[in-house]
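Before any questions on binding or motion, here is one chain by itself as structure tokens, the form predicted on its own.
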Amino acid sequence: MRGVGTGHVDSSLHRGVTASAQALISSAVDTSSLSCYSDFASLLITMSKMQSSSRASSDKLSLRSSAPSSVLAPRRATIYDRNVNRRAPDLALSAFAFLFSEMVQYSQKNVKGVQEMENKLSAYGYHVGQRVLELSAIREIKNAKRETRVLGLLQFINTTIWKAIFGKPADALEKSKDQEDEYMIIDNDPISNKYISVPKDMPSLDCASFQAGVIEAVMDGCQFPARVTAHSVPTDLHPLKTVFLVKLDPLVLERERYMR
């Protein structure tokens, strides 16, 4: 039976089965058993045909299922495949200075004045701030706390965000004595101004507008809309000292009064 069921039934197998059946019929003494032997031979042939047809259909099905629907090229690994919780090693200061100087030179093209130049740098920083806020929220998800007050959010920027980007917290956080809607983040030695030579035609340019854009992005992302500008306030001890003036939207002040 094992030999009958493997593959298709050829003519020699059919002849062998039929000859065996005829030999049994001719040697039989009892004529009443002739029909029994002939039925048995027919049954063997029918079963072999059924098994061969079922195997053929199953082979076609397996070949059809194993064939790939489409040939896809292997996907290359991207930055999005990396583990966000694994902190990358600190970037070399020289590499940051080179990239930032290229950014400044690129921003100089097709600008009409200092204000437009600072707006471009602020826009670049805004994009960076949006991504840093999202990354910080993912990394600190276990200890995450939504800030609902202005002072708490500014402290978060002053410490966590500043350290994540520049490797150290900002030097001070102050509230304006004259204006209720103004706060100041102070950096005595901003890394953006360290290796930048200001163009002669733009003596009042402050490249720390890049950091101002980062602060503004975080404020907007946390639903504390504000306008942030960078102001150079050099001193003898800190010639690169910069004050980032955070001017809050009136809606933020109204919410603060309601939560008191």
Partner chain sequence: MTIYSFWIFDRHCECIYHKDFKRPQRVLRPPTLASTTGDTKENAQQQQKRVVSSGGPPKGTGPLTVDDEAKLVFGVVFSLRNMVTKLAGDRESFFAFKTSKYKLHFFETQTNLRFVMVTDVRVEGIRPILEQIYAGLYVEYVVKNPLSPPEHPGGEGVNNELFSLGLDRFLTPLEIFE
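Note that the structure is predicted; figures quoted are calculated from it, not measured. Residue numbers count along the first chain shown, from 1.
As for the form predicted together with the partner chain, it is not shown, yet the points below apply to it.
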| property | result |
| --- | --- |
| Heavy atom of residue 184 within 4.5 Å of the partner chain in the model of the complex | no |
| Contact of residue 117 with the partner chain in the model of the complex (heavy atom, 4.5 Å) | yes |
| Interface membership of residue 102, the partner chain in the model of the complex, 4.5 Å heavy atom rule | yes |
| Residue 108, heavy atom within 4.5 angstroms of the partner chain in the model of the complex | yes |
